[in-house]
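Quick heads-up: it's one chain on its own, the form predicted alone, in structure tokens.
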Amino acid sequence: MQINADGSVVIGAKEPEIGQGLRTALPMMVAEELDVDWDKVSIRQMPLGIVKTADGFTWKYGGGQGVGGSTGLTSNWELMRQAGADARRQLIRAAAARLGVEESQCSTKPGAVVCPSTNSEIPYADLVVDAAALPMPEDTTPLKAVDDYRIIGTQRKTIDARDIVTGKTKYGVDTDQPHMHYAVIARAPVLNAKVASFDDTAAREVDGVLDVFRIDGPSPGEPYVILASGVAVVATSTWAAMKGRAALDIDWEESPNATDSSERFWQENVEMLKDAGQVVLDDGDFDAAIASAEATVTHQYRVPFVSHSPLEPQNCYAYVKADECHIIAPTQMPSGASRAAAAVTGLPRENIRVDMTRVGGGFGRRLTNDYVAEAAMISMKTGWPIKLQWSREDDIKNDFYRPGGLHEMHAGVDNDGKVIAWAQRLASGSKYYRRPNMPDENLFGAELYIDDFPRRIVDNIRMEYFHNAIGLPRGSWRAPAHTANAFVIQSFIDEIAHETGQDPLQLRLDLLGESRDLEYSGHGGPVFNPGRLATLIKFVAERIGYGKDLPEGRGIGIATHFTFGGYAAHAMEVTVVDGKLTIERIVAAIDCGLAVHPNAVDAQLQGGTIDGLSTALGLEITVKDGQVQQSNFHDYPLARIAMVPSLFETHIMPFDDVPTGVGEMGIPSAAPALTNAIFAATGQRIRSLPIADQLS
């Protein structure tokens, strides 16, 4: 915190900003406890702050610096408020010392310490030097009560929104440093292929090309530092580097994944599910329960590989010197960038400076810093400051894709319509594949979250996993396995309801029940309260008019899901005429405990909904002959503005005084709400994503 002579305040933002509003929300918490006017606050992005100690490394800014899993706010909730409260207290102590009174006789108003007994009011700016020199008190400074908040939970504009829309904000692609050269890489077109030989004669003749050399990637099956082997081209401009890359003549070694294909992947998954797999959860007695059921329901659901496709492709500035390194990158995990640079340069991490730009789309892709390692490798080889730039084609063909998988669901229902048996069997490519020190028996953990609904709700439940080691790289994609599992589970509940003569909303409410805490050992725990989902699903159903008479070809679908500590629900009304789908109306609601920055929560719910629908409608990564088939937005078609109806309402429903993150909660229930609405309109069940042309 920096308090200036004019009373303005600069607050350091230690986390990366990937569009979730964290650069505003975290300083809001500091400003609240510091007791300053928000219109006097500006933000400064801090670099990675790590300090070497005798025991390793510690955090300079009081905690970790990284965003993923919707933890950016929750991991800083106590820390940032306490930082503001401690600074405010130091200002009070400085004022008390100057006035010769007890600390308890002083309090604050925005931007000033007041002491009624001496009729004094001292601006923070007049106290800041004295306050900064004081040792910190040994006891803990109390935090404000929620009822006293002036900033937290109030509508505040995103602090750099004007800079974004007027083009002032600097992203990684805007990095410009003295004497910088530019690089691109021709990466292996076939998964896990390596360079056999290359001819760079024509490339070196391109005006501006400075150097050309081989980049070696990991061997098949090894953990990733970079994604692919290839040939780097360094030039005086990105355009010259790309022209040089186009002129390369490269021969590639035969890859063990040269015959990989989507067709084979899905066929293998079908065959796997015919056998017994790894039972990762077995509560109660599923076999006895399913045998005693009055009715059974079984269906399979297919969820494809998808790409992150951030608007800003990967890029990184790196300058590796003999004893130090400077990284400037759009990253979600700056500590990972530090480790990546250290791994390829051999430099100690305390000698590696990592600066974070605003990120033009993260979605989990930038949790992995392979592009940082690439840039550092090129700079170390050349000795020059290097800006590495990926193209859109590079980005779509070289991603850590969301895993694809085939889910087989089984349920048993008794005479009263109660679900008494439940099984989820999944054959997929695990996100954990090729992670270091990851045993095969733990691969399921990234794809099946064993404490998810309906565990501890249905007594007899089994989960079973089969791993398919296709050569596609896999990684975290916004809400990871929740996106797949919510589509599967919320679709299956609808199918159970229809096949057993029950109402889909009422069946959900019967399963969810009243508000209560269930043990939840996974990320987002330690508890899951199904009653909070019940409140949301009832609310969105009522708002959209669930159960009302609709004309032919129109239907309403609902879905809800618990994700990383937060709760969300969607209701959608659609029309399908002659195979053409129109989304008429969307109602979305979120329960994130306390909404610290409501504007950002609302924006994330809107954005998550759109991302979920865009992915469900038309997105899939496919492989043929070991090569990713998609390359740009012409064959990986993100949703257009016209897809989103004007009747799109979002609601924030507070529950308690403890916030959860919201970056991923709005996605999982969007797709099943849409496909359930399609079924209600047409009687056609969508069990395979993307929807694409299935309706026609």
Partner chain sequence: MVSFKINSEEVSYEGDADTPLLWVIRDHLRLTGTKFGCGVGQCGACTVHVDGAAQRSCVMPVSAIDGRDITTIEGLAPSADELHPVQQAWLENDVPQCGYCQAGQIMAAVDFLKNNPSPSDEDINNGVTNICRCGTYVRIRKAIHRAAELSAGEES
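Numbering follows the first chain given and starts at 1. Bear in mind the structure is a predicted one, so any value in this text is a computation, not a measurement.
Unshown form predicted in complex with the partner chain; subsequent notes refer to it.
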Review point. Are all three residues E271, D416 and E495 in contact with the partner chain in the model of the complex, where contact means a non-hydrogen atom within 4.5 Å?
Key: no
Exercise for review: Report the residue, out of T575, T141, T500, N599, that has at least one non-hydrogen atom within 4.5 angstroms of the partner chain in the model of the complex.
Suggested key: N599
Check your understanding: Quick one: of A639, M653, V41, I50, which gets a non-hydrogen atom within 4.5 angstroms of the partner chain in the model of the complex?
Key -> A639
Exercise for review: Considering only heavy atoms, tell me if V231 and the partner chain come within 4.5 Å of each other in the model of the complex.
Suggested key: no
Review point. Heavy atom to heavy atom, is A13 within 4.5 Å of the partner chain in the model of the complex?
Key: no
**Study point:** Any non-hydrogen atom of Y401 within 4.5 angstroms of the partner chain in the model of the complex
**Key:** no
Exercise for review: Check whether N632 has any heavy atom within 4.5 Å of a heavy atom of the partner chain in the model of the complex, and answer yes or no.
Suggested key: yes
Exercise for review: Heavy atoms, 4.5 Å, the partner chain in the model of the complex: which of 543-551, 156-164, 346-354, 556-564 makes the cut? Say which one.
Suggested key: 156-164
Exercise for review: Can you tell me which bits of 590-628 touch the partner chain in the model of the complex, meaning any heavy atom within 4.5 Å?
Suggested key: N599, D602, A603, Q604, Q606, G607, I610, D611
